[in-house]
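One chain is shown next in structure tokens, namely the form predicted alone.
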């Protein structure tokens, strides 16, 4: 790979990939391809901390690959692969488990949140999820990891694990792991639930009206936006610190993300309009943004051989990089290699 800084990120193929995933993450990844060595994975191993239907998990993994490419991620510029196809992820995760403390993991907010949502399945994988995430990042010597503020805790524990291992085994210098930094692209839009606009849009939301799936029919998207929760004030104003305006703020954020204008400029443009007219305009803008993505997705759906070849070659390239890091780790530990 070229001598550029390396970025690593990925999405779980669980639930429906949403407008929030696209505007908050994947759309930004496309622009990063020119400046960085980008590695984007389909994180299927992370998905099984919650019970998955096997057939659906396989389908969604391929769907996610199609979505990546349809959104503009170029397999010739970025490395795309399925996490479970590279055994080094599980191998390094076990090693790093031995260098991660129970107290660190017990403080992770995601474990607390998922334990509440899945009280009947509080498994060890759910608890050690951040260690696997650390392995994902450290295997590829990533410099930067695009994250939202709510995920920065995972970057901090990854840094702690990397620094701990390096300090134990690399006192003479030449650290095994590059210590990554969290990276928050300025243009990333935080898209909120259409039903509960004080909460982030989630692909695992049980209420289908709360999110827009990239694979929804366009008519369904329009209806979801038209039914989005707003307020009784009737004024299109951008007031990000006012929870009472959370619904309108969210629609303005979505409109800004798909048009490239600021929330303030859009609010000024639509001042005096009713909420119904504004929702219609937002819906039309979203559909136009997603129309070429859906066309490319549908085209890729007819190319199973191409997708399978991408999975194979991506796994080979990823394994080559990951294996070099794992070999260094094993050597430091004293394993026979």
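Since the structure is predicted, the reported quantities are computational estimates derived from the model, not experimental observations. Positions refer to the first chain, counted from 1.
Another form, the form predicted in complex with a small molecule, is not on view; read the next lines as being about it.
Comment: 196 to 204 is the region of 100 to 108, 196 to 204, 215 to 223, 160 to 168 lying near the small molecule in the model of the complex, near meaning a non-hydrogen atom within 4.5 Å. Comment: the small molecule is not present in this chain, but in the model of the complex one of 80, 258, 145, 92 has a heavy atom within 4.5 Å of it, namely 145.
Proximity to the small molecule in the model of the complex, defined as a heavy atom within 4.5 Å, holds among 96, 228, 133, 88 only for 133. Candidate site formed by 11, 150 and 190: every one of these residues places a non-hydrogen atom within 4.5 angstroms of the small molecule in the model of the complex.
Taking non-hydrogen atoms only, residue 177 never approaches the small molecule to within 4.5 angstroms in the model of the complex. For the chain shown alone, residue 140 is not a contact residue for the small molecule in the model of the complex, no non-hydrogen atom being within 4.5 angstroms. For the chain shown alone, residue 25 is a contact residue for the small molecule in the model of the complex, at least one non-hydrogen atom being within 4.5 angstroms. At the 4.5 Å threshold, heavy atoms of residue 314 stay clear of the small molecule in the model of the complex, well away from it.
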